[in-house]
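In the block that follows, a single chain appears as structure tokens, in the form predicted alone.
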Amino acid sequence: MQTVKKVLFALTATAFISFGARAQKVDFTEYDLPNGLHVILHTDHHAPVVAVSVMYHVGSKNEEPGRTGFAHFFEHLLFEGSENIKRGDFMKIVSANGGSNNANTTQDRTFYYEVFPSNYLETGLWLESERMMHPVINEIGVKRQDEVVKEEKRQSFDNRPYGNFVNTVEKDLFTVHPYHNSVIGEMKDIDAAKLEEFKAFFKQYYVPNNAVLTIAGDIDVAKTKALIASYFGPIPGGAPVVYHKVEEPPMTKPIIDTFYDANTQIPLVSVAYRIPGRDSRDARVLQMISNLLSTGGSSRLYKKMVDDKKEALQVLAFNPTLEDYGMYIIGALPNNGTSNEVLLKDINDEVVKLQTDLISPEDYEKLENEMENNFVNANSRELGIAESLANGYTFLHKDTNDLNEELAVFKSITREEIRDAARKYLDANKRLTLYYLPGKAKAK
């Protein structure tokens, strides 16, 4: 076990250094299996560690009305076991071999991964192939995970301060698009579903031709290809997965909403804008705007509202870059009884300033450095690289090399583009203003 601990320490200590030494260049090999599974391999011998990941192109936006929460539910359900893995043994196998694992779900995809000492690569491949080939989906597992997900919903959303803030923003910004629904979904939908519906959902989406297998770390490419062919080659492909984007009507007027949360003690005032999806250049311009205005202690809004005027306890920012659309959300918690109107004016003034004046060359240089730091931090370990490679292929028209092009794109964005994007997308007449207040919901 001491050897395992040393290996895992090497992952955290060495991988960061090695990424800098590669000068941001990530080499990879990619190919397709006959069953449609896309495979991406990245080799790095700096630490004896390997990340094994599978990204399925299915999230909450793929769910049918009245059956919300299915994708997130499967994030849990596919740990139940398989024909060759007993219920409850999946994580035991990972930990017994010195590894770690987890999964997460968004509106657009579900991502499973293991990180192992590199001599346990085959174990990771076996586990993920078992999950894809023949998981056990039965009433016992559904009932067990139903209770797990309900408890997660209580802890993370219903009984947590500001727990339903982002969900409320989504409901207001999207009226017809399935981003309207929260990722965790409605528990009544899961409770009402039949076992056959869960099996059908798996058969439709958790197939090789709707997935990307990414291996990153201390691997031999030829041996890894042979192992992949052995474990994943026999899995039959599924029917083509077809998803048609639902067009959300343009916002033509401001939306104002109030939400009462009994778990919240301090009010939160926020504004939110609907922005383009992640495959657009403007989405990256807006990432820079988010950093400049509201992300971190050095952002304009934090310095103005928290440090200088002391009108806010905190400034919050969310900028999820989703596949079909994105959201840019700014929020502030009042300090010393500051009114919502004053906080909104502070936010509006900074947005108007960005729409009117070009940012200074000094601010522009600082912003470029921040984007580079964010990029390096996100890709400083093998798991981060694996996910970034899979994201490029899945969401950017099969452009796996986007990881190597991303920084150049950010550096090519001009100050004029930043001003013009602020004018185009941060329109006060086409935004949501949400007052998230303490107290119980009031009857309308």
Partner chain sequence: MMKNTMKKLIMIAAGAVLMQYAQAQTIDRSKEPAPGPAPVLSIKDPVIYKLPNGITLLVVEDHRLPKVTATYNIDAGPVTEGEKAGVLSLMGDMLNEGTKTMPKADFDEAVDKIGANVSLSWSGGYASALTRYFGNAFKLMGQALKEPAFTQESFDKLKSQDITGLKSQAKNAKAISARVTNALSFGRNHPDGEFETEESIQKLTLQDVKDFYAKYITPSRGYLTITGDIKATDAKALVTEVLGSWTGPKLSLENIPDTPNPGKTEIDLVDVPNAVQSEIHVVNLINLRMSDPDYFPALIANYILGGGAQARLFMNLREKHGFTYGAYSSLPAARIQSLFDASASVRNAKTDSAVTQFLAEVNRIRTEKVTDEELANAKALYAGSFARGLEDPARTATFASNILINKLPADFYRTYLQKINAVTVDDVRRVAQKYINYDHMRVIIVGSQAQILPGLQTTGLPINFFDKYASPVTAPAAGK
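All values reported here derive from a predicted model rather than from experimental measurement. Residue numbers count along the first chain shown, from 1.
There is another form of this protein, the form predicted together with its partner chain, and it is not shown here; the text below is about that form.
Note that among 33 to 41, 59 to 67, 413 to 421, 377 to 385, the stretch whose heavy atoms approach its partner chain to within 4.5 Å in the model of the complex is 377 to 385.
The closest non-hydrogen atom of residue 186 lies beyond 4.5 Å of its partner chain in the model of the complex. Taking the partner from the other structure, its partner chain in the model of the complex has no heavy atom within 4.5 Å of any heavy atom of residue 54. Within 4.5 Å of any heavy atom of its partner chain in the model of the complex lies no heavy atom of residue 208. Contact annotation for residue 353: none of its heavy atoms lies within 4.5 Å of its partner chain in the model of the complex.
Against its partner chain in the model of the complex, the set 138, 285 and 434 makes no contact: no member has a heavy atom within 4.5 Å. This chain appears without its partner; in the model of the complex, the one residue of 271, 293, 227, 169 with a heavy atom within 4.5 Å of its partner chain is 227.
A single residue from the set 342, 246, 148, 316 has any heavy atom within 4.5 angstroms of its partner chain in the model of the complex; that residue is 148. Of all the residues from 298 to 324, those having a non-hydrogen atom no more than 4.5 Å from its partner chain in the model of the complex are 298, 299, 302, 303, 306, 307, 310, 312, 313.
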